[in-house]
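One chain comes next, on its own, written out as structure tokens in the form predicted alone.
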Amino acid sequence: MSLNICMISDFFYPNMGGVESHLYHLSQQLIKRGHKVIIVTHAYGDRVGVRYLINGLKVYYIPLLIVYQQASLPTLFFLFPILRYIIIRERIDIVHGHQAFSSLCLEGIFHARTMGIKACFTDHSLFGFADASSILTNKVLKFTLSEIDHVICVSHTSKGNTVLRASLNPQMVSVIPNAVVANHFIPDPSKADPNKITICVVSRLVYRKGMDLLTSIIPRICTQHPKVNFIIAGDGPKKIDLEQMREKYLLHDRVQLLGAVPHSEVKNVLVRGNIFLNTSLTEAFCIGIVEAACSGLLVVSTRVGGVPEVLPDDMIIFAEPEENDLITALNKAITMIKFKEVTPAKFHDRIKKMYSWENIAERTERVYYSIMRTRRIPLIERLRRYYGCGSWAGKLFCIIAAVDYLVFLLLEYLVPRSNIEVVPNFPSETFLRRQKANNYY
């Protein structure tokens, strides 16, 4: 059975990151499996309106106000008219939201449920429970997921975190990890300096990624190992700290700061290294270590979040998120590379079998089919679930849901479905056949 699927999130290309990559590759594989997929995101600069990507993947860039790190300003009801128009116009069966940080995602799921459309949510991050921002985010997430059809998490640690935050039944939460396009990360030992051991870091340079730890351990490693160099790719507010550290310890010839690197160029950075270092303080999955192992690097990582679930023990060395423990783990990795105790170049074939987008799309498809078999929740049941979200928050959520339903009825009256033109589907099957005939794939 072919489905019409709407992926919705604030985070998509041209912005770069794990969520953006996940959305793109999952959508492409679902199209290859015969489904129609569109993506709804906010406008990026002058990129407004409809754009087509390869294989007929249609992207709606909606003009919304951005408030913080590409997250759009919550609009509550103002997104509803245009989202309803897109859902009816594209004959959407399932709305699939990504990332709890995205207000566009949470609003899209809420409005879709008001319209009676099936909804799914994928959580890509871990959240705490103590600080004010986490408490607010968790309360909004609990409100949105009160009537969700299914939830997907990228690791078992992430599943436990999401179940607690949103008070979900664990049976309605599946674990489907990220994947990697293995052919984009082929090891090339000739690119590495044979006279040096190079440690690669590819990350956003922010506090959450452990940049303070990185800043403190680089001088110590460089002092202990004269033939060890660092390559750091990424940008962020902590870049100034790394530059100051390099100036202070005169490490210009041993610490290379590349700045922001397009994802298509990440492979060219990784193949220059021998060891990949991840210093994250919290991480639900960390696709970066999968890409590094696929490129033939031995991985050293902090033991946080869902990271221990990602790679086999012979591909990764763990350390606690503490300076001395990271130094110990790096010394061990450097020794293993120096005496050739491991052959990271052989990791590629194993990673290729472990993490493939074809498998991820197949598992996600099974979730979609299970969603389509669930019954539609009546309004009174929706209100009952919202009422259970808290003594005062529950009443507020009930009011919001009731007003949203009235807005839906008003839109049905002012802009009847019969007046909305349904768009023809892109001939994906014909397009793919021609691409294969021309040896494009």
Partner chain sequence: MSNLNTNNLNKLKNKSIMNKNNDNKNPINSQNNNDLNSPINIINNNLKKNKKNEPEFIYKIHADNAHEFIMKSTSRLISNFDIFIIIILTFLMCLCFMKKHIILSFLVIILFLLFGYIKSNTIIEESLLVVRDLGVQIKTTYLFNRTTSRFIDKSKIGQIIINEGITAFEVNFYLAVLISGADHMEVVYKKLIPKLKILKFIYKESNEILKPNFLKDQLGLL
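Values in this document were obtained by computation on a predicted structure and should not be read as measured data. Numbering follows the first chain given and starts at 1.
What follows is about the form predicted in complex with the partner chain, which we do not show.
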Candidate spot G49, Y60 and I82, all three in 4.5 Å heavy atom range of the partner chain in the predicted bound form? yes
Between the options I316, I275, I86, V290, which residue brings a heavy atom to within 4.5 Å of the partner chain in the predicted bound form? I86
Just checking whether N425 would be counted as a contact of the partner chain in the predicted bound form - the rule being heavy atoms within 4.5 angstroms. yes
Going by a heavy atom distance of 4.5 Å, is Y24 a contact of the partner chain in the predicted bound form? no
Do F431 and the partner chain share at least one heavy atom pair within 4.5 Å in the predicted bound form? yes
Determine which one of 395 to 403, 373 to 381, 26 to 34, 61 to 69 lies within 4.5 Å of the partner chain in the predicted bound form, judging by heavy atom distances; exactly one does. 61 to 69
